[in-house]
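A single chain comes next, written as structure tokens; it is the form predicted on its own.
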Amino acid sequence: MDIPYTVHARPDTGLYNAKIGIWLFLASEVMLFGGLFSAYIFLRLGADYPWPVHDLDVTLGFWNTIVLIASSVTVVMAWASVKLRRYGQYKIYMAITVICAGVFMFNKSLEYKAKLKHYAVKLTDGTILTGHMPEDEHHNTIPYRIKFGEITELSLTIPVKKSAITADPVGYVIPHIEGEAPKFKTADGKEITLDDAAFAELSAAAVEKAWAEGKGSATVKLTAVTPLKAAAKPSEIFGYTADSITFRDGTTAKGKLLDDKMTLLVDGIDARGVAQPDKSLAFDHRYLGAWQPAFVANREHHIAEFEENYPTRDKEKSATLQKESLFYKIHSSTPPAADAAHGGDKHGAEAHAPAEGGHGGGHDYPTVVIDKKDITFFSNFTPKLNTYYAIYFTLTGLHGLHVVAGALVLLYFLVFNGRMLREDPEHLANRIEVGGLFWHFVDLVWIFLFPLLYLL
């Protein structure tokens, strides 16, 4: 059975069915992205912290814009080639369109990768240090970990009934203990290797005993045969003190805190949230005290330049001035001379991850070891960091899904519609037109995203 009006237009609307359908679908897409763009504007206007400006790689975003615009042209040329029955040209133009989509997503993956390796550390006075974690000899990032030693005892809480927090030392504790599989002694002196079978037996006995005694949970203590060492990321534990650490399953280990300092290769000092920027905690003698003169010189240079170029504008209301004068970009492991201190990169937030020894992208960053007591929050440049990056990943991620979906449809037309191209090219032309309309919409969304996120 043939579906009517797939080639010829309906007499009542003057359009074939698929074209009516795609316009209705695009109307719903306009409402979706319109709501997201509106939410972005309201969140930016109501932000209670300095909104990030010029934090993205404008060059990469510009080339992605060119790539998408080019793909919009080639998809039209592919449609026109089918209408003119130039099938060879159609295949070339459609292939170029799909390749452009691949290039766009490859560039976007590079941008996302840079975000995942780039970190921001907020200090207790509001200063934000940006940079990268050090790397090992294989260029793998060395994660920030809490290190404990002399662990002699594990305390496990096992509820009688199902609970949100249930001891699971095999899954949450053992992976963080250094060395070979550790051995423990139970309360009755039995020596065990803590694996799934041993813990299941231990847990069943503890639950049975707690049930008989009318208790809601059982506490099991295991003594290490030899003192142990452990290291865990902050996200893998609930908390710690000088002599204990609590893992995500509620298991508490008694020991001694060895190290909780963070090592960061600093590429930027953001003092926009500090009342007295030149007295920022970043310039403590333990950290970047030698960079204070360069920071002050950079700030004074940009303020003087702004006052000269825009004498009637309010300095406090210029987000660009705040970024240029109070967000100092570092490109060397040693402070610059006073007359070169204002050579920061306006769009430099996309620094490359440094390789061994702190070198990356031609830069050499100062290594700073930050005390835990001076850190209030840290994260890589992901939605966890702030509202701006939550919106950035939401909008660009959703747009990326549209790019992938549209490219797959166009690739299907190119690869699997060969028979239709030969026997019913007019029908295929209508399909390509519908796919092209969607592709133009994807391009149009990026035309709004690029200035909104990258330029403003």
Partner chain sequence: MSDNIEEIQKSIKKYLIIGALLIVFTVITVWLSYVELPTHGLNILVGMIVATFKASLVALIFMHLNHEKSVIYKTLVFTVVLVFVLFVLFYFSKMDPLVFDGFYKLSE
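Residue numbers count along the first chain shown, from 1. It should be emphasised that the depicted structure is a prediction, and the values quoted were computed from it without experimental measurement.
One more form of this protein should be noted, the form predicted together with its partner chain, which is absent from this view; the next part is about it.
Contact annotation: its partner chain lies within 4.5 Å of heavy atoms from the stretch 306-314 in the model of the complex, the single such stretch among 189-197, 306-314, 143-151, 365-373.
A single residue from the set I92, A204, L258, L84 has any heavy atom within 4.5 angstroms of its partner chain in the model of the complex; that residue is L84.
Residue in contact with its partner chain in the model of the complex (any heavy atom within 4.5 Å), chosen from V415, M420, A405, I66: I66. Taking the partner from the other structure, its partner chain in the model of the complex has no heavy atom within 4.5 Å of any heavy atom of G397.
When contacts are judged by a 4.5 Å heavy atom cut-off, H427 does not count as touching its partner chain in the model of the complex. For W79, a non-hydrogen atom is located within 4.5 Å of its partner chain in the model of the complex, even though that partner is not displayed. Remark: L116 does not count among the residues lining its partner chain in the model of the complex, judged by a heavy atom distance of 4.5 Å or less. Contacts between stretch 426-456 and its partner chain, counted in the model of the complex as any heavy atom lying within 4.5 Å, involve E426, E433, L437, H440, F441, D443, L444, I447, F448, F450, P451, L452, L455, L456, listed in sequence order.
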